[in-house]
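A single chain, nothing else alongside it, follows as structure tokens in the form predicted alone.
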Amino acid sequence: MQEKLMEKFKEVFGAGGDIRVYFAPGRVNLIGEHTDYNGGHVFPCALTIGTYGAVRKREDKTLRFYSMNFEQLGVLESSVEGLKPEKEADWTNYPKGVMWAFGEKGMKVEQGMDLLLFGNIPNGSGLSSSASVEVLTGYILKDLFGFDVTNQDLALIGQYSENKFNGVNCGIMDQFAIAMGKKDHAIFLDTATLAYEYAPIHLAGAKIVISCTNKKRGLGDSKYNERRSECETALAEIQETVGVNALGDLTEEQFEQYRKAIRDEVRQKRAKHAVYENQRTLKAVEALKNNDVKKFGELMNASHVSLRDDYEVTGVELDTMVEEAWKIDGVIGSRMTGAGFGGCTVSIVKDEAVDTFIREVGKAYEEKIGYAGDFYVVEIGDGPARLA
């Protein structure tokens, strides 16, 4: 991949100078969905697929961007001066947002650069291609300009840029999972405190399979911000009765005790998901520690049902993918992952059932939805790195 990137870089931007190559992973969340902005726990892991970048510093202020995923757009030019978001469809808003955020944190990027990207994360899949680009950019800036930041700082800067520059009110999970990834481990993260631990993932005789619905979605224009706002209102209503900082502070029992304080049935359902999903995540990590993969799978299934019925972020594509997965012998658990409204599901599938899973779920999905899904058998990888 490095050679391919270097070759393309020289073709687009010309040879010579100090060209460096980097990688940042994508991520999948095994359980704990829509809990990260509700003060709850999440359980994501970094993947071995992600975003590659080749970069060369310039002597002027010009930024030149090229994506091998959007070759039809050609080279997009900008400047490090006066960075601001352009039209929403422009992918360069992600790297520019991170450069802007570094400046906001007192680390101004004074020099331009030529940056070529290639991602092997499916676009719009919900495997965090945007956060992968953000963490990659942060890691590049740290290395090129010697900024004194940790990988955890890179996660926070990436989130800040997505919130403030790109206007998507995301939580910290995506950037954290990518920046802090560790091979063969998931990250058990308390999003309220950023306390975390690495949990080894031993799936003896099973694989993680990502099923991509190929339904495109845009986070900024989805109902993501609406869900977040519904939860904030529900929390404010509960706080009139009991002193809690976040929905993630409540147990299931406490939620049932105070749920009537939420003055709207829809908001009750949203808050119920946030509370119960957080508790499911705690139980799921405990199950893995006890090598109880079966229990982990049951909790994944319950997570999907809650996302479908209480949080209402699935849709026919994701539901079809999951319901067809549940029919296959050898599927330990399956659920939507990511923000929802399209994107991907994550399933834990016994080795001997993987081929059947891809064939049968793929066939049923195409028959019902009218177009094909894509399937990826993935491995858990490390965080960002310089490759050359």
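Everything numeric here is computed off the predicted structure, so don't read it as measured data. Numbering starts at 1 and runs along the sequence shown.
What comes next is about the form predicted in complex with ligand GLA, which is not displayed.
The closest heavy atom approach of Gly171 to ligand GLA in the model of the complex falls within 4.5 Å. The closest heavy atom approach of Gly50 to ligand GLA in the model of the complex falls outside 4.5 Å.
Ligand GLA is not shown here, and in the model of the complex it never comes within 4.5 Å of any heavy atom of Phe118. Though the partner is left out of this view, Asp36 does reach within 4.5 Å of ligand GLA in the model of the complex, counting heavy atoms only.
In summary, among the residues Tyr196, Trp91, Tyr258, Tyr224, the only one with a non-hydrogen atom within 4.5 Å of ligand GLA in the model of the complex is Tyr224. Though ligand GLA is absent from this view, in the model of the complex it lies within 4.5 Å of a heavy atom of just one residue from Ala339, Ile358, Met68, Ile332, which is Ala339. Of the candidate stretches 148-156, 242-250, 293-301, 172-180, only 172-180 has residues with heavy atoms within 4.5 Å of ligand GLA in the model of the complex.
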